[in-house]
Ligand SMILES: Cc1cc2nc3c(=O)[nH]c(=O)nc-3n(C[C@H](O)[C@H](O)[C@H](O)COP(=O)(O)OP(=O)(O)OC[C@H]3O[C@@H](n4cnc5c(N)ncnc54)[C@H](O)[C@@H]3O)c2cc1C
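Given next, in structure tokens, is a single chain: the form predicted alone.
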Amino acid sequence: MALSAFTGAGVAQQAARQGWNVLLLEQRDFAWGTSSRSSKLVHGGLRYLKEGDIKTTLHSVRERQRWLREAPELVAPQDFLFADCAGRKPGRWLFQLGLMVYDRMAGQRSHFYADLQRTHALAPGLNPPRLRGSLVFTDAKTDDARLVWRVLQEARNDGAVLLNYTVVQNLVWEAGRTSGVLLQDACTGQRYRVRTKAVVNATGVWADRLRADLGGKPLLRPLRGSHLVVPWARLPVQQAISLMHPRDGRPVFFYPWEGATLIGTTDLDHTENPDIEASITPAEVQYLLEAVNDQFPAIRLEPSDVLACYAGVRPVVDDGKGAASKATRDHVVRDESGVITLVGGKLTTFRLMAQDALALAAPHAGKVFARDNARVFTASAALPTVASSAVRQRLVARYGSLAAQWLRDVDASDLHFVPGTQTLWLELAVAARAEAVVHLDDLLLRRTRLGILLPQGAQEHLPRIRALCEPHLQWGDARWDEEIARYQALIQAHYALPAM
């Protein structure tokens, strides 16, 4: 049994692939927490190399290369440009040395130094103080929520049972060991007791709460990472721009994502209740805009340019370091009386994390877990040519081996992109039909990302969205009115620009 964050999805997939009986439980929606609010990067952890965390960087680089091979439509290369400015740390030669090690770990050479003329050609308008050139290197980006769903799809295809909006209220104990869980359906209130031989606690920032009865000291230091989304036309970058913030030297970046430009991230201790959705603060908005305007002073990006904001809380292991940005991103696995707790780590290394957890769970489950390098994602079949290459690539990215089935008897108008985005109208109908949508925000913030890519959470498109999805959801007029009101309140409270 896996209790879910993204790492829980990885545990379910890896266990189901080896023939285990798997039940995955998510207290809200799949990817509701950190897993849909990350920086959308599948990166090798260059910043962790700077902190001397060689193991995390090595694992991350190798796993990044794996995802680029296995899911090239969903995990795509992204060039990064780091401005070389006289007098600014870390300096050209130290940074270049780090990139040499980084590339060596990946078994490739992808970085180079660009002089001032070439830098301006790669990033027109880039002009931080005392610019003299730039270092260019390659990492990768993704849609984190869709990556979670692809992993869940593989787990389900291998027999795992996946339940969202199912709350684990308590663990069941017999003779000093866990023997099951008490559940409650968050929608109906119905309660259940499920017996299990092993429980993997992969609940992210909620992990210490589930461990409260075990008597161990807390493992986590929750850190909030906040982001801005602005129209690409307002910040038209092709390269990702990476920098150390001029105020405090923390890493910040911005890059093209899903037809917009994504700006992030902050790294702040988060002390609020994790059940309350995290939100960006006015100070974080100003901090991120300051970083952009340092690099592109002529653009003069302002709060009014922001399409949406979002914030997520990272379940970082508390290693006692003072600076939040220097806290370790490595993971920890604990076996506590049959409860296997998996915390920390990175999106990029979810497969390795899952294998570490299952190696500890195997004796309790009466199973043998064999670590392997088998593909996570089933190879996709060729799609019919009824759609353009861009549409076919989009469908494979979102649905993998199931992409072909969604092109059968499809209305041609549903293969058009939602204006101002790279999202197909078809994606909404598919989600409503087959992706466990319970609330409108599941559809617009996680199955698709329209809620953060369009002004006011894409509310101007709600009539067509309703027409597409109602045949599958069958909510009726009263339920739709409730869902729209709930969604509007959510967007205003947590995804709109805060009062400045």
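This one's a predicted model, so the numbers in the text were calculated from it and none came from an experiment. Quick note: we count residues from 1 along the sequence shown, nothing fancier.
Here the subject shifts to the form predicted in complex with the named molecule, a form of this protein not shown in this document.
- Contact check at 4.5 Å (heavy atoms) against the named molecule in the model of the complex: all three of Thr7, Thr166 and Gly312 pass.
- This chain is displayed without the named molecule, yet in the model of the complex the stretch 347-355 from 347-355, 239-247, 96-104, 286-294 comes within 4.5 Å of it by heavy atoms.
- In the model of the complex, the named molecule lies farther than 4.5 Å from every heavy atom of Gly400.
- Within 4.5 Å of any heavy atom of the named molecule in the model of the complex lies no heavy atom of Ile491.
- Shown alone here, Arg392 lies farther than 4.5 Å from the named molecule in the model of the complex, counting heavy atoms only.
- In the model of the complex, Trp206 approaches the named molecule with a heavy atom inside 4.5 Å.
- His227 is the sole member of Arg146, His227, Arg211, His270 with a non-hydrogen atom within 4.5 Å of the named molecule in the model of the complex.
- Out of the listed residues Leu450, Leu41, Ala431, Leu468, Leu41 is the one that sits within 4.5 Å of the named molecule in the model of the complex by at least one heavy atom.
- The partner is not shown here, but in the model of the complex the stretch 251-265 reaches within 4.5 angstroms of the named molecule through a heavy atom at Thr265 alone.
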